[in-house]
Every structure is written in C-alpha cells, then in structure tokens.
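Only one chain is given next, in structure tokens, and it is the form predicted on its own.
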Amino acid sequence: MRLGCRRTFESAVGTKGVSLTVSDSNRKRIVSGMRPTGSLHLGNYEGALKNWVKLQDSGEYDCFYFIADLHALTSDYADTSALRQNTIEMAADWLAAGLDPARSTLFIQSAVPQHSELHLILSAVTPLGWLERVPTYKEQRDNITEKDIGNYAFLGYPVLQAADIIMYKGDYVPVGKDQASHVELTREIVRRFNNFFGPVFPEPQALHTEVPVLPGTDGRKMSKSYGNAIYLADGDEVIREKARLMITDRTRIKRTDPGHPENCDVCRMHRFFLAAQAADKFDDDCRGARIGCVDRKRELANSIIERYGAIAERSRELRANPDRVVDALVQGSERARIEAEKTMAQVRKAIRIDWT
C-alpha cells in the first residue's frame, strides 16, 4: 500500500504538465469537495479521504474533487487571511494520501467561475422554504454563536452545493448517511430545473460510505474545533505526546489494578488500528494488569505512526514546497473549467440566455 502511495506522490508533484483525459464516457462520475480548513486529522482521512483514494484507484470512475473555498466564505467571510494557507495544507494532505492529479481532477472551486454562475441560476428556481428546512441549517444556526451566519450565503449554501455536483453531471456523491439529505435536496433542485427547462441534468445518487468516529485526545469525537485532533502531518514525537496526554481508565489508580478497557478512551481508539484478535489480547492484558496505561498509550502511538507515518512524511515535504501543490491545483482547475463550460453552454441555451 505504501509503495502505491509513493508512486502516486511522485506523479502528483514530480513534473509540471501532467496530462489527464478529462472524461471517459464509459465511466460514472464522482464529485465531492471539502472546505479548506487546513491540516486534515485522522478522522477526516478515515471518514472521507481514504474513500476518495479508493474510488480513484478502482478505475471505475472519473473523480472530481475540489477545495470548496466559496463555501468557506458562507460562514468565515469576516476573516479570509488563512484561506490560501489552509488550501495548500489540505491539498498537501490530499496528495500525500494518494490522490493523483494524473487520475483525478483536483481543483479549487473559486478558480472555476462557472460554479458561481450556475449557483445564481439555480437560486432562481429553488424555493426559500426548501432551504429553511435543511436540518444542518437549523442545527448550525442554533449551535454556532461565535459567528454571524444570518446571511444569504449561509442560507443558500445548499444551492451552491447543488451547482458543484451537477456542474460535472455527477452520478454519485460519496457521503455518510447523515449527509444524505444534502444530496436529496440537489436531486429536488435538478427535478425542478429540468421541469422548467428540459432534461439538462441527471439526478445524482448518494454513494453511502461508512464513516468511523475516531475519538479525539479528550474522548470526544475528533474535531479541530475541539482542539483534540491528531493530524495526518503530525510528527512522531507530536503523536507520542498527544497519546501520552489522553485520558485512560479513571478507576485504575495503580499499575497493578485491573483495567476496564471498555471504559478507556485509549483502548477504544487503539482497537480501531488492530485486528480483532490482537485488540482482544491487549484488552485481556489490560484487565489482567499485565500491561499498564502507559504501555497502552505507547502502543497506540506506535499504531498511529505505523499507519500514517509515510503520509505524514510526504505531506511535510509538500508543505515545504508549496508551489508544487499549487501547480497541481492550477492544472486541475484548468481541466475543470473546460468541463464546466461545456455544462454552462447547455444551461445558457436551455434558459435562453445564449448570445454567442
């Protein structure tokens, strides 16, 4: 697996002018994106990025993966100072994990202005009530108090999301089941648009993926906003220190006390990286006081380093050479614009604003 990642890494950043056949009519299309939040943590990788690489490597799909910087503006418009650096760091993690600009179209949303054009057109046919009923809109309006998100862009982000997907006539959108409602809203917008203007867009399907929930260093779900994340690009010593500070079985006072791995955040996270038989052996040794909490933390850190160490090394190398990352995104954005303009030519003709 690591050899495969190394081969991908070299093709991604080795030389300029990487060629890619933009589309293959015999393959279905995958479209997905991430907001540029900077470094990706292990939960981001296991929940989304790993699956993106798998879909790419299967050879069954044309994959379009984009950095959703316009989406970032819907809630973080007041301070955009970190947007560029966050984009580079996240893209470095993408490339290091195995996304290959020679096999997938990797691009920046704002570098394809057709997204904004289609967003505006779709906003004209999307009823306001549909947006107000989006579950995540209600949830975030209730829970996000440190930012002013009472703006049009935040309410309308599902319309922009729909434009992102159907711009490339996406067949599938890889999402966890908790995000399926977003794809369904896109399907409803497509049906309404096609009803007015003819069958321009196919209805995309949700491609459900398993999204494991990794605990963070404080036992809660791993999240950058909680400050409890272990990042793909973290060095070995950083990982060991974060593991050392994790909370273990609170009822185990002395090394000789029997442990309760079912109540231990470290044990719970460690099991994720082990085969069932090996995990059971560690848990049994914990219950029998044959290993202590410090031992289990050390083994957890070793497991994390073993699984992600090669990715971390490649990501740090790319961050040290950001022009190579930007070059891959610029080339991908050029290819994306070609495909997007094909779609928009159809849209303009359908809605009768084609003046060419």
Ligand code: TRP
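This one's a predicted model, so the numbers in the text were calculated from it and none came from an experiment. Note that residue numbering follows the sequence shown and begins at 1.
One more form of this protein exists, namely the form predicted in complex with tryptophan (TRP); it is left out here, but the text below deals with it.
The candidate stretches are 215-223, 202-210, 162-170, 79-87, and the one lying within 4.5 Å of tryptophan (TRP) in the model of the complex by heavy atoms is 162-170. Within 4.5 Å of tryptophan (TRP) in the model of the complex, a heavy atom is found for not a single one of 228, 300 and 304.
Distance criterion of 4.5 Å from any heavy atom to tryptophan (TRP) in the model of the complex singles out 68 from the list 42, 55, 293, 68.
Think of it this way: in the model of the complex, tryptophan (TRP) has a heavy atom of just one of 31, 49, 311, 329 within 4.5 Å, and the residue is 31. Within this chain, residue 157 lines the site of tryptophan (TRP) in the model of the complex, having a heavy atom no more than 4.5 Å away. Contact between residue 324 and tryptophan (TRP) in the model of the complex is not found at the 4.5 Å heavy atom cutoff. The closest non-hydrogen atom of residue 175 lies within 4.5 Å of tryptophan (TRP) in the model of the complex. Contact annotation for residue 319: none of its heavy atoms lies within 4.5 Å of tryptophan (TRP) in the model of the complex.
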